[in-house]
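To begin, one chain is listed below as structure tokens, in the form predicted alone.
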Amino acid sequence: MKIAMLGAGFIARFYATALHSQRRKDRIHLVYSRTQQTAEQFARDYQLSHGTDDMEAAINHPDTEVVVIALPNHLHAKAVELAARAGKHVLCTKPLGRTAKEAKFMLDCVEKAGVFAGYLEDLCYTPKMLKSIEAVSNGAIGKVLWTKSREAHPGPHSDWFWNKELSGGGAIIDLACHCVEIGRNLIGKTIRPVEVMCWSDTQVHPIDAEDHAIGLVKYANGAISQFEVSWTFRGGMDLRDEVMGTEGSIWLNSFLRTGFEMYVAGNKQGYVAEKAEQHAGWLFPVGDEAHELGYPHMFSDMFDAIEENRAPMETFYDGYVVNAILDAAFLSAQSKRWEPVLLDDWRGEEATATDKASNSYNEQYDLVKKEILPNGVTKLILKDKKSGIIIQKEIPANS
């Protein structure tokens, strides 16, 4: 398919690299940028037919089949509206909107027009995350009780990110959108997010938006999802995730420590990895950044979904739910209270069981814990079902 790339900045270049890598058949044929000079430079770099500073012309070009939006947050709604009006497939980078209201407008645009729409949430498509989601779906770790997702780095690349009016916020809108959607994928997208507690502050940078935040998202089934996001972290980009279930746990380190370390004594300058802050000493490069960040798997899913006439793994509706959760996080950071997640359009389960895990040992006792001691003895911690009294029982080795 022929793609119109809207945007020519950092994320657009990541997208272009992924889309044109390893003999992929879907290609960018033109690029839009807010300045003609930038558009032409991008076109030269990626060997495109031409670049333009006219967004509507790029979308309505007769060869354009798919519109990829890699623009600043405040331009997403306009681009989606134009793509929907033109009847073009549209893929939009994260976050979908600056607010849930804005995201809902975009969702309504594509659904009313009947066009395919995909939400480009790359960190849900990393190979490690896809494997984790599959394991959780297969019941490998039991019922998910808690997820924790962390993204921290020294701050974004472009000036508009630091402008609260253009971006919609700081580290929460930029990074927590990833963390929240990772949590939804692991807990279950049909499980309703109920309320959010969030702390945020502007600790380092002279900006109006927050540069550090920690939040908890509570779900209707009793699961909790935690996010830690920061523009104040020094030393590169830290991407980590944890999942705890009734029958197991998963730990992921996706970027800062990937098993690739290099010591450089000289002064030669060069690109190391996204958000890396040094070029000498111990460095932590990434073998294939686009792959490690999920871009190839993401675009494969999107274009396969178009061809197969199905929904992708990440949809505009998912982007809308994420924005609603972030709205609650912003409110909670101000009120210092749990704030409800307000969803005018909920498409998941209406009622979700919140039963606690129960492990019956026998008719009298529930099993609290079982462990084998160094001497081979099996110790059981048991709770009487009627009285609630907790006792311990030891079973000798080989008995």
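This structure is a prediction, so every number in the text was calculated from the model and none was measured. Residue numbers run from 1 along the displayed sequence.
Here the subject shifts to the form predicted in complex with another copy of the chain, a form of this protein not shown in this document.
- Of the residues given (D318, D327, E228, E102), E228 alone sits with a heavy atom within 4.5 Å of another copy of the chain in the predicted bound form.
- Residues placing heavy atoms within 4.5 Å of another copy of the chain in the predicted bound form fall in a single listed stretch, namely 153 to 161, out of 105 to 113, 153 to 161, 80 to 88, 176 to 184.
- At least one heavy atom of V286 is located within 4.5 Å of another copy of the chain in the predicted bound form.
- Residue contact check for L293: none of its heavy atoms lie within 4.5 Å of another copy of the chain in the predicted bound form.
- In the predicted bound form, another copy of the chain lies within 4.5 Å of some heavy atom of K148.
- Although the partner is absent here, I391 sits close enough that one of its heavy atoms falls within 4.5 Å of another copy of the chain in the predicted bound form.
- Heavy atoms closer than or equal to 4.5 Å to another copy of the chain in the predicted bound form belong, across 248 to 265, to the residues G248, S249, I250, W251, L252, N253, L256, R257, T258, G259, F260, E261, M262, Y263, V264, A265, ordered by sequence position.
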